[in-house]
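Coming up is one lone chain in structure tokens, specifically the form predicted alone.
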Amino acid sequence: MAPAGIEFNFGSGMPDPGTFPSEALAGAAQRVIVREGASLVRYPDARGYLPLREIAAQRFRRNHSVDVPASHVTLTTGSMQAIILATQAFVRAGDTVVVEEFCYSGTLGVLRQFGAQIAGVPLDDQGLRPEALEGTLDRLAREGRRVAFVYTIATHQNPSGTILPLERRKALLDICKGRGVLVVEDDCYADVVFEGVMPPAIYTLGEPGDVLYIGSFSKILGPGARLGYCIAPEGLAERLLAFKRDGGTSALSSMIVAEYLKDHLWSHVGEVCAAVKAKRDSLFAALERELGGLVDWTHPRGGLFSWVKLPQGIDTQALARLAKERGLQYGSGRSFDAADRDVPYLRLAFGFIDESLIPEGVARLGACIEGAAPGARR
């Protein structure tokens, strides 16, 4: 449900609520609780419920054509917990984490909370620029600053929606490996694909220990399930598990989701992708009709977001006030900026909003942008 006063919610990265399989999950819950309920009096396995870890490994194999053992999969309370654990395990006081210049706001919040310094690397329409990453790492080395890891969302980058090509993935890995820097690959949008073939995960291109891979079930079910996972070899995983002191990721949630996904994973993914693609297409049509010539926006081939570049000179605070008055919610550019700058961008999330509301929502956004950008006209 949208916050009070919000009618047009382009703010949060959530999937289509109509695709949530309520009845099927209710049936799965009934079956699994009758079958395995007595085991719930015990704490979960440290790495999580094995059948769901096996589904995560199967999913990885299907998406990337590489086998990973279930023993290398650790379930987490959403992918955010995996990001938190990586930060706790690898960041020491004063360390720097290198991210894409525009980066998932949740990750930036975690890094700042734990005292990491943040260095942003510029993006273009193909994602992170390897030569800029190399320059950034070399500069940090000259300054005597230790880099804890490089964090990247290589596929359907949040917020830009870009897809890092294979050659850039190889270059990123080579640059980091040559400097002994860990790569943390956040691939939580991997299944939300509308067209084209995605490059393999960076994890598949390296040797064990080069990359920590993070995935999620939130973008195909819902964040309320609070189920994510990471893939890492034993040594790397043990460093994370040393900080995972939550008593274990919910075995009940894991059992229910595994019971449902064991027979419905790929049909459900197909349903989610079809629903979200229709919304993306409606958004593109509305942007072209209402904001063409006024702003520029990215054209993602998957994921949940489009990144909108606003007119120069726009008053972003005025835009926020006007949007609130008109019942609009979006992601502010500043929320995603590694340097916490007030940049002239906003993020439109298109997975959750009702498709019928998209045209009117975009029309209202256009009026708000015109009101906040003196001289800007369509």
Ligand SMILES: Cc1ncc(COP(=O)(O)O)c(C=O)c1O
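Note that residue numbering begins at 1 and tracks the sequence as displayed. It should be emphasised that the depicted structure is a prediction, and the values quoted were computed from it without experimental measurement.
One more form of this protein exists, namely the form predicted together with this ligand; it is left out here, but the text below deals with it.
In summary, the region of this chain contacting this ligand in the predicted complex, judged by heavy atoms within 4.5 Å and restricted to 74-82, 236-244, 266-274, 163-171, corresponds to 74-82. Taking the partner from elsewhere, no residue among T87, F149 and I231 has a non-hydrogen atom within 4.5 angstroms of this ligand in the predicted complex. None of the heavy atoms of T136 is located within 4.5 Å of this ligand in the predicted complex. Contact check for K219: a non-hydrogen atom falls within 4.5 Å of this ligand in the predicted complex. This ligand is not shown here, and in the predicted complex it never comes within 4.5 Å of any heavy atom of Y203. Taking non-hydrogen atoms only, R129 never approaches this ligand to within 4.5 angstroms in the predicted complex. Shown without its partner, the chain has D186, C188, Y189 in segment 171-199 as residues with a non-hydrogen atom within 4.5 angstroms of this ligand in the predicted complex.
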